[in-house]
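Coming up is one lone chain in structure tokens, specifically the form predicted alone.
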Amino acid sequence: MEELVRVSGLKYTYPDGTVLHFRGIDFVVRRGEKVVLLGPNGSGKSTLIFHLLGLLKASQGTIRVFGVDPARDYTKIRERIGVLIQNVEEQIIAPTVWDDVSFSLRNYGYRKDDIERMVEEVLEKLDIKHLKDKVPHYLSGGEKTKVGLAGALVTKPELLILDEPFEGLDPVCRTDLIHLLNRINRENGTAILLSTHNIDTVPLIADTVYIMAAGGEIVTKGSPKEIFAQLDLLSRNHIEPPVLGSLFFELKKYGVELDISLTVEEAAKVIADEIMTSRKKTLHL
């Protein structure tokens, strides 16, 4: 698949002297891929995202987004990228939902009839058309997230970047957002990059997981199953395994060796198969 993002050997020093060096393996996002960044506080997840958005300029290393350095040429790629920041209330600034979602289109100089059509399309896709005349400040947390996401998706970006999108959402809203992001990826082929501390959401959305250590080192990458099967790796980087992953690790302590499953459906099938196999063995004794 085509590479949309590549980061190699990036180094950045904050004014207070804090240094983040994204050494180790290269960070890559490919077209249509769903990538999750995991790491403890101080590992540089948000810093890496800020570099992708051209908000920070590295002192060392290379970064390419759609083939350009975003710190120098972000205006060339801005319509190809959608962004949802961690505190969505800081992103929603217009007096009504319609005004907010249409802001980038108006800023980029789209024609009025195209703006009307594109805003209506994205509001309908996210099922928030009924909110278009509402004041964003008074919406629920889940509704605000959808409004921010609508603004990010209105230009039909090829890459969607989300920084801690599940923060502050209740379980129902989290599940709703996961389904929505997977649908956007499936229907539009949109590549998705997100950072999160919500471990249990990762198997439900990620194709590829990158583990970052304190200081910015990119330790490893793999599928959710490959990553969450490595308990020592997770422990060294202060990352708790998903609840279902913990269950399978505990079962091993009791001599029950099963392939790790990270969704309820998979876990139920694996455990049910093991029970049925044990029953058949007992019957043949």
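So that there is no doubt, residue numbering starts at 1 and follows the sequence shown. On a predicted model such as this, the values are computed, not experimentally measured, just so you know.
Just so you know, the form predicted together with another copy of the chain exists too; it's not on screen, but the next bit is about it.
Contact annotation: another copy of the chain lies within 4.5 Å of heavy atoms from the stretch 233-241 in the predicted bound form, the single such stretch among 59-67, 233-241, 212-220, 28-36. Contact between Lys269 and another copy of the chain in the predicted bound form is found at the 4.5 Å heavy atom cutoff. Although the partner is absent from this view, Leu169 contacts another copy of the chain in the predicted bound form, with a non-hydrogen atom inside 4.5 angstroms. Interface residue remark: His197 is counted as part of the site for another copy of the chain in the predicted bound form, having a heavy atom within 4.5 Å.
Within this chain, Thr175 lines the site of another copy of the chain in the predicted bound form, having a heavy atom no more than 4.5 Å away. Contact here is defined as any heavy atom lying within 4.5 Å of another copy of the chain in the predicted bound form, and by that definition each of Glu250, Val256 and Glu265 is a contact residue. Residues of 75-91 include none with a non-hydrogen atom no more than 4.5 angstroms from another copy of the chain in the predicted bound form.
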